[in-house]
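A lone chain, given as structure tokens: the form predicted on its own.
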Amino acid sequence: MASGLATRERSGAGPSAAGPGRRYSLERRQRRTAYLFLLPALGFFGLLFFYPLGQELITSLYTGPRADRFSGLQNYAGSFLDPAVRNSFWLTLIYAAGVLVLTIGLGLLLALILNQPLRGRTVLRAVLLVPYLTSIVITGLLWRNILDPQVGILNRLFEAVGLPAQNWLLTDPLATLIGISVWQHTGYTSVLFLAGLQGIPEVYYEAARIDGASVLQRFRYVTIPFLAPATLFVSVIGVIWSLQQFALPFLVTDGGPGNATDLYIFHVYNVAFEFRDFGYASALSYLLLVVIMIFTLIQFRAGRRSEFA
């Protein structure tokens, strides 16, 4: 019997020799099974995301109505000298900064209010999410009718209280778009901040009170640091969303009056489908991708520093 066991051990059939091999074989089968289940998702992203992305990169190197004349980096170089591109990019930066600052400020204020033991605060939270859950197309058409200088309900309310009617879409159209975006996204931002507030342990506030910290000091040294992850998430998502805004200038102002609301993506749309220069439009799209990546990296770096400050 002992000799048989020794023979099996020498032949590699013993438990100590076979165990690692079996485990490796099992892990390899599990890995193959995981890749098999991932194939549909990889195929979906490859076909509908990576392939168009690569095709657009190739198109950006061509010019002409059919993008059939190779121009190399001419489209990219020309974009830096194009005053229309600089104007649209500058307007987009103003729009993004206005939306981000107001959305974070008002969202945090609403979150602080809703974090108090108010009656009906659950209903208020649900109501705040309604604008965010509303389709951007419906939002644009709704506000276009509300702000209409002739039949808009907002001017009717102004006239009812003795105030002069305003032509909202002509006097300051970019501020109007900022206001619409803030109305739509503040509720969502407040819910995110509220979740962050409710995750702060009460013991830190108690310790601050014992040390004699005022309300402002507790907000500065307890609330703000603990809300850093939520603030980072809101700012990153807000910047990406704002830099890609297209629906509001398209539906509400049509980029006007003049070029006052000719935001970057709306300008890219006009270059592609009005001027039929798909190569130049593709180059502008890739430049925006680079800008978004730079802003995102800066925000992540700043957010990481604030967490460890």
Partner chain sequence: MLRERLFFGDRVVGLGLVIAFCAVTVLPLLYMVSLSLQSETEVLSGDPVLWPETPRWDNFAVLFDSAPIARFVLNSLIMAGAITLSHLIFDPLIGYVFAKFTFPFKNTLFLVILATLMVPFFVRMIPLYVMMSNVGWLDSYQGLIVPFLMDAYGIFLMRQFISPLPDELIDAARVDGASELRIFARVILPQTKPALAVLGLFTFVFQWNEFLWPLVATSREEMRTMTVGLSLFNREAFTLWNLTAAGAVILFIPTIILFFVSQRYLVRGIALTGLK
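Superpose the two forms; the largest set of C-alphas matching within 1.5 Å is the rigid core. Residue numbers count along the first chain shown, from 1. If you're wondering where the values come from, they're calculated on a predicted model, not measured in any experiment.
Quick note: we don't show the form predicted in complex with its partner chain, though the next part is all about it.
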Site test, 70, 100 and 229 vs its partner chain in the model of the complex, non-hydrogen atom cutoff 4.5 Å: no
Mark residue 173 yes when one of its heavy atoms lies within 4.5 Å of a heavy atom of its partner chain in the model of the complex, and no otherwise. no
Is residue 186 near its partner chain? Define near as a heavy atom within 4.5 Å, in the model of the complex. yes
Contact test in the model of the complex: residue 164 vs its partner chain, heavy atoms, 4.5 Å: no
At 4.5 Å between heavy atoms, is residue 95 in contact with its partner chain in the model of the complex? no
Check each residue of 93-129 against its partner chain in the model of the complex and list those with a heavy atom within 4.5 Å, in sequence order. 106, 109, 110, 112, 113, 114, 115, 116, 117, 118, 123, 124, 125, 126, 127, 128, 129
Can we say the CA of residue 286 moves by at least 2 Å between this form and the one not shown when the core is superposed? no
Does residue 31 shift between this form and the one not shown by 2 angstroms or more at the C-alpha, the core having been superposed? yes
